[in-house]
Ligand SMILES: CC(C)(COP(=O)(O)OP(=O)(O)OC[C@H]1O[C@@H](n2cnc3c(N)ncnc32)[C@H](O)[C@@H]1OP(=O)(O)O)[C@@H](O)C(=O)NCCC(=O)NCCS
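Just the one chain here, laid out as structure tokens, in the form predicted alone.
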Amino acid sequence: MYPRETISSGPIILRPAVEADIPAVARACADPLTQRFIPALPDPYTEDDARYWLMEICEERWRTGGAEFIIADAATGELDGVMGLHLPDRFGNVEAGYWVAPWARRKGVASAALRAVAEWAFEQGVPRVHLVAEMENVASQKVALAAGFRHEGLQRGGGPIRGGGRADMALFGRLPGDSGEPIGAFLPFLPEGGLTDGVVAITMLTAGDAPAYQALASMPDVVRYRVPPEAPPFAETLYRCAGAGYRWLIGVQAEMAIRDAATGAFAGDIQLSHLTPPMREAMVGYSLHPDFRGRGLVTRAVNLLADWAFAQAGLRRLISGTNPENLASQAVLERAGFTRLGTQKEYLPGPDGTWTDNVEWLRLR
């Protein structure tokens, strides 16, 4: 059993819950975002629920070998959230879980609390601490990385969704020998609101873009040059759009929507894929809806993305590839400052089991 004690960590403390915390717990747990990612919470959440959590659940957690702390502001004592350790599994590994009150978000309290409770657990002899976060809960994934937890994979169907169904869960872990230093993403996220030149804008792809993305990806002249050359099912598109933030954060792919800057309408998609940290390299790909063609939007989007990638993301090489017959895409790359390198023979999958050549392009910082 863990000792019931207070852990100090700079601007916050972790302490056992007291009855005076009930009103703040009730207010925080009634928050829609808290409810969204903790499906076991009652809805609506009342002070009676908070009292039951404190008097029954917390006590049971402590008695049976877990821990449940209040995250509190070290100066004011105000409740900022909750940080807990579940019971050890059969190998002695321990899962950490937390929530942060709406009034304390974006202040670094969650990462400070997670780092502190992990180090405290290691002092108690715990061999490993891990955290799981729903694939769409990118904020929680950022907390894990900021607390020195390494990304370890995705648990398919690993957690429940409020209202039914299962969600994929991102897994992050930390061992006693890990430094605990923050782990940065290969590519930073775009600035708030995305990138724009006043004519075109690019923003991170979200689940709300799925219908428009699907419509574009199903058009014959877009399918023709897709890899592979086929329209995706909508379930795949929705999953792709919903998980864009997760894949961006862990360095798999950065997927964005091209938008008309004046209206915000979805005009197409653009992405950085084949991310290669040692060479500081990524591959640019894109497509545009016919309704928005002929206005130079893709060239503007590629230039916006390239300027950001070189100046803000630290890349030094951007590559791209086109089907030899896709002259429109080749013209975009030429206008955006890419140089044609050569042709890879039978490199891209074509229709009906065939293979087509790939024209290589490069732009250097």
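Bear in mind that the values here come from a model prediction, so they are computed numbers and not experimental data. Numbering starts at 1 and follows the sequence shown.
The following text describes the form predicted together with the named molecule, which does not appear among the structures shown.
One residue of I319, L33, A328, I57 in contact with the named molecule, assessed in the predicted bound form (non-hydrogen atom, 4.5 angstroms): Contact check passes for L33.
Contacting member of P211, P188, G108, G158, with respect to the named molecule in the predicted bound form [4.5 Å, heavy atom]: It is G108.
May I ask you to state whether Y98 is within 4.5 Å of the named molecule in the predicted bound form, using heavy atom distances? Yes, contact at 4.5 Å.
Going by a heavy atom distance of 4.5 Å, is F37 a contact of the named molecule in the predicted bound form? So F37 counts as contacting the named molecule.
Close approach of K142 to the named molecule in the predicted bound form, 4.5 Å, heavy atom: K142: contacts the named molecule in the predicted bound form.
Find out whether any non-hydrogen atom of A121 is located within 4.5 angstroms of the named molecule in the predicted bound form, and reply yes or no. Contact check for A121: no, nothing within 4.5 Å of the named molecule in the predicted bound form.
In the predicted bound form, do A104, A133 and V138 all reach within 4.5 Å of the named molecule through at least one heavy atom apiece? Every residue of the candidate spot has a heavy atom within 4.5 Å of the named molecule in the predicted bound form.
Residue stretch of 255-263, 175-183, 142-150, 86-94 approaching the named molecule in the predicted bound form, non-hydrogen atom distance within 4.5 Å: It is 142-150 that comes within 4.5 Å of the partner.
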